[in-house]
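The chain below stands alone, shown as structure tokens; this is the form predicted on its own.
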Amino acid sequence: MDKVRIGSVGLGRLGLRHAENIAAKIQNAELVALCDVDNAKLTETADRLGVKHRFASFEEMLSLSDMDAVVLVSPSALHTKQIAAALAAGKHIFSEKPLGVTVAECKEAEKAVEAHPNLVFMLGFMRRFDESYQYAHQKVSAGEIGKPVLFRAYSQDPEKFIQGAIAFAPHSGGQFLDMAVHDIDLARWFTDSEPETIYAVGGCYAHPEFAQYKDGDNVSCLMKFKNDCMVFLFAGRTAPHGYNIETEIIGTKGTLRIASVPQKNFVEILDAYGVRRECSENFLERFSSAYVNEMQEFVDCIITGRKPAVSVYDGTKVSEIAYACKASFEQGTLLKF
């Protein structure tokens, strides 16, 4: 196969970014179809990107014969059924997280992937494809910081976007599932281990609206992994300074810090407010290259016939851990995993 013909489902913020990347930035790929229930957005995007086939129905799109792969950026509750249907139609799949909205759904997705071993399935944990995280992972794997002692990760969304988070709260599954899954995935990736105990705390410090969904606006979790590494995660929705993703790995011989000072770029502004650096606005800006890199990996895997490092089982395991964090948060107890 010289070129992978891709149909993409969902044109929200991330779906639009994936479509634009496939159309213009991914080598050996062609965006041949788009699917969305918003006809106006579908038409505008397809016209702008030069996409011939447009669908309001996912099932109709699957019947397209000149399409090799599907990119799923649809609502989370649809992922499991769409994964099974696309595999049954003989299509390779890239799916955004979560794999499913319950662990049972994740297990269903596992069975669907296992039933089609000749097809490529990849889950969108894009931080693994960020250049800085890849560089740090290489150093940890090479033993340059010794044995990992502590993995610490912060994920904070800007306060100015809080109304969107409140509106999404009934369907998000809570912060551990909506936000912390990327940090959970990184913790597993960097430590090459799994949790043994989990204790989560947090609350509604600024926005009581989250309480009705048994969620908080700022939550945290301390885990002990089976290799004795300590893992601390913090997810917050009230950062006044902007989008803030930072990670630290402390080892017996050294420490690695990734984006310990959040910044948009390397520009320093000197003005009446002093000397400062601006922050990224959101995840699309901070991880713009990672989204390109992960989609290129998906296409390369199809062309070369190899399987991605990020598997369906990673999706299940991260979901299991996130739900355990949620349970610990709701119960206020230490859980054995």
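Bear in mind the structure is a predicted one, so any value in this text is a computation, not a measurement. So that there is no doubt, residue numbering starts at 1 and follows the sequence shown.
The same protein has a further form, the form predicted in complex with a further copy of the same chain, not shown here; the description that follows concerns it.
With a 4.5 Å cutoff on heavy atoms, C279 counts as touching a further copy of the same chain in the model of the complex. Though the partner is left out of this view, Q27 does reach within 4.5 Å of a further copy of the same chain in the model of the complex, counting heavy atoms only.
At the 4.5 Å threshold, heavy atoms of F232 reach a further copy of the same chain in the model of the complex. a further copy of the same chain in the model of the complex is not approached by Q82, whose heavy atoms all lie more than 4.5 angstroms from it. Of the residues T102, S193, T197, S76, just one reaches a further copy of the same chain in the model of the complex with a heavy atom at 4.5 Å or closer; this is T197. Of the candidates A89, L119, I258, I162, I258 is the one whose heavy atoms come within 4.5 Å of a further copy of the same chain in the model of the complex; the others do not. Considering a further copy of the same chain in the model of the complex, the lone stretch of 89 to 97, 162 to 170, 121 to 129, 147 to 155 in range is 147 to 155 [heavy atom distance within 4.5 Å].
With contact defined as any non-hydrogen atom lying within 4.5 angstroms of a further copy of the same chain in the model of the complex, the contacting residues in 245 to 277 are E246, E248, I250, T252, K253, G254, T255, L256, R257, I258, A259, S260, V261, P262, Q263, K264, N265, F266, V267, E268, I269, L270, D271, A272, Y273, G274, V275, R276, R277, given in sequence order.
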